[in-house]
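Same protein, same chain, two forms; see structure 1 and structure 2 below, as structure tokens.
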Structure 1
């Protein structure tokens, strides 16, 4: 009787899982498999060329392309600057908000607002803020004697301008991650550290950081993946990838290649290459942060 009940329970469990697996296969695995298949073909819809098998030619062309090197460097640079910046700022804000003071909940809600705004709206606001002729930033800097700067049209600082806008948007996400981790630390650990005569800096180093290391690593990896693969809306609204490819990142380059120039095979190869680079990048990051 027990064996029959066990078999019945397993059968019910399998039946409940099958719809989720089928939906995941339909939404994720099938498009991924089709994308892999297209990456081995040359299919230029703009000129009506038929789909032909070319093997690894698309990947070879990308790997030796100077434009791809520039785009990859832009993406890595953006990720390397924005993610640590957001993590540091988010952790600092979380430490401040973890202290009890009047109106803390209201301050936490206000600081979290940028994360809730649509990326397109954020891009439009920052584009107006950065504008050379009518923006707010140049007049503010002009008070201190700084001459007007074309923040989004100067190739030397355009990527940094985009990074600052993204940090303003996503720092609240990292702050909430860190804040949640801080709330889970038992208070008695700080009491023991205080009895041992630990200073505030020592408490942070030997109690706080080890206690929230897992949370920090998880938030760091999520933001790194997001910054590397999903940075599209904000950059597209602010600069469109320009000037002179200075802010062109992998998602925009893939969109431009596959859906604007209709080079479907090359666009598919770009997306697969982006996925492979992201997996390697996250694996290395995970190895480094586990030490």
Structure 2
């Protein structure tokens, strides 16, 4: 009797999970697996060319392609600048806002607002803010004597402009992250440090930082993966990858190759490479920060 009961209870558990797993298999697991298979094929959907097996040829071409090198370098540069910038600004804001003052909750709410706004909307807002003639940034900087800058059309500046817009919307995430971490530090650690005669800076160095190190590392990892693999909407709206490939990053290039030029195999190979690099990167970062 007991045995039958456990068997039926197991069966019920499986039945409850099946619908969700079936749907996820259809829309995520299966496409993910198929992506690996597609990356070994050449398949120009746009010109109606048939799907043919080419082995590792797609990857080989990518590895020796100078465009891919540029795209990879852009993505790495963006990640390397945006993540520390957002972490630093986020931590600074969190430290600032963990002091008590009147209206703190309202300030916290306003500053976290950009995080919720759709990335596409952020892109449009900043495209208009950056606009050469009709935007607000150039006249504003003009007050301080800065000559007008073509923020989105100058190849040497465009990626930085994208990074700033990204920092605007993603710093709040880091801030909330660090803020939550700061709230978890027990008060008595600071009291002990104060008794030992620690200065403000020493308290930060020897109490605050070690206490939130775990959270900082986690925030760093999440943002780094996002920066490397999810920078799409902002670039699509702000620059479309231009000028002269200066803001062409992996997700945009993958999308263009696979879903605009319909080179299915090459697009799949690109996304597999993106995923592979991310996995290696996360593994290394995880090993490095565990010590």
Partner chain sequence: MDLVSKLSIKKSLRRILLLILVVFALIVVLLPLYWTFSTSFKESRAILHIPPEFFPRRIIFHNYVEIFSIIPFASLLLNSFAVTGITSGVSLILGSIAAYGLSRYEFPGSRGIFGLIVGTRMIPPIAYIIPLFLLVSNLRLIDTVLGLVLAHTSITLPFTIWIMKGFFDELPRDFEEAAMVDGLSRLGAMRVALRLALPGLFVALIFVFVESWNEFMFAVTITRNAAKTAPVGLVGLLQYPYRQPWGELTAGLLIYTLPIFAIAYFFEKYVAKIYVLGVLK
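Think of the rigid core as the biggest set of C-alphas that the two forms share within 1.5 Å after superposition. Source: prediction; values computed, not measured. Numbering follows the first chain given and starts at 1.
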**Prompt:** Given the two isolated forms of this chain, which one is the form predicted alone?
**Reply:** 1
**Asked** Under a two rigid part split of the chain between structure 1 and structure 2, are residue 69 and residue 37 together?
**Response** yes
**Prompt:** Rounded to the nearest whole degree, what rotation separates the positions of the smaller rigid part between structure 1 and structure 2?
**Reply:** 9
**Rigid-core-fitted C-alpha displacement of residue 13 between structure 1 and structure 2 (angstrom)** = 6.2
